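Presented below, as structure tokens, is a lone chain in the form predicted alone.
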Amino acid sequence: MHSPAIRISSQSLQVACSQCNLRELCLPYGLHSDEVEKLDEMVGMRRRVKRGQHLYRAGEPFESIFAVRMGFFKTGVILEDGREQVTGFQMSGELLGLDGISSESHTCNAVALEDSDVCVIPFSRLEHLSREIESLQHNFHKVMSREIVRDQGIMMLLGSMHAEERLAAFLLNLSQRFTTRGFSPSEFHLRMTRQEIGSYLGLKLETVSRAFSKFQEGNLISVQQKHIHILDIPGLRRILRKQD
């Protein structure tokens, strides 16, 4: 069941798009002020999703995409045996819901890993505005390309790396994404469980735990529950270079 959608005033919308500190990561990037105003008008509501709640479920009709304004999500599918296969983790400045474009229904579940806030972007209106504003269409294509590249990276992880390389790549990817958002590249809080990390990386929980322990013993990272401090970013990169 969806969280209540919260309609926001035009003044609030200016904060949501025109003055949002994530605009360089999202659809407004590179748009002129008058074009951003049109985008503001299109983003008609914001949805708040509590930790553990679904933003959408597999099989639901596709109507909108969602820009994560605040918070953290996971996407995944339920396998025939009832297990969850995590397919991605999304943070502020990233889009959710692209899975539904081709089939017009969502193919995965999106669940908030912490209390989160998303901007709702009706897809039909986005398509119409994209025909009017070429740079918006270009930005949207760039976002979709970024998702494709990320999916290819996952395939590389699962197809050619051993457990420690997969975890190193995962931590370095998070580090880079937090850096892009102006946060520390070396200290962050993991919103996902180790079970979810294992599902995403194609590893058993025990294997993920052993890899974390080995990294800590090698002074590559320091772990306090879900708080990660990367002590040696070059050291993690060297683990990946062994693959070359």
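What you see is a predicted model, and the numbers here were worked out from it, not measured in a lab. Residue numbers here begin at 1 and follow the sequence given.
There is another form of the same protein, the form predicted in complex with another copy of the chain; it is not shown, and what comes next is about it.
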Checklist entry - Closest heavy atom of residue 185 to another copy of the chain in the predicted complex, within 4.5 Å or not? => result no
Next on the checklist: Taking another copy of the chain as it sits in the predicted complex, is residue 99 near enough to touch it, meaning that at least one heavy atom pair lies within 4.5 angstroms?
Outcome noted: yes
Checklist entry - Heavy atom to heavy atom, is residue 163 within 4.5 Å of another copy of the chain in the predicted complex? => result no
Checklist entry - Quick one: is residue 170 in contact with another copy of the chain in the predicted complex, heavy atoms, 4.5 Å cut-off? => result no
Next on the checklist: If you apply a 4.5 angstroms heavy atom cut-off, which residues in 74-111 are near another copy of the chain in the predicted complex?
Outcome noted: 77, 79, 80, 81, 83, 85, 87, 98, 99, 100, 101, 102, 104, 107
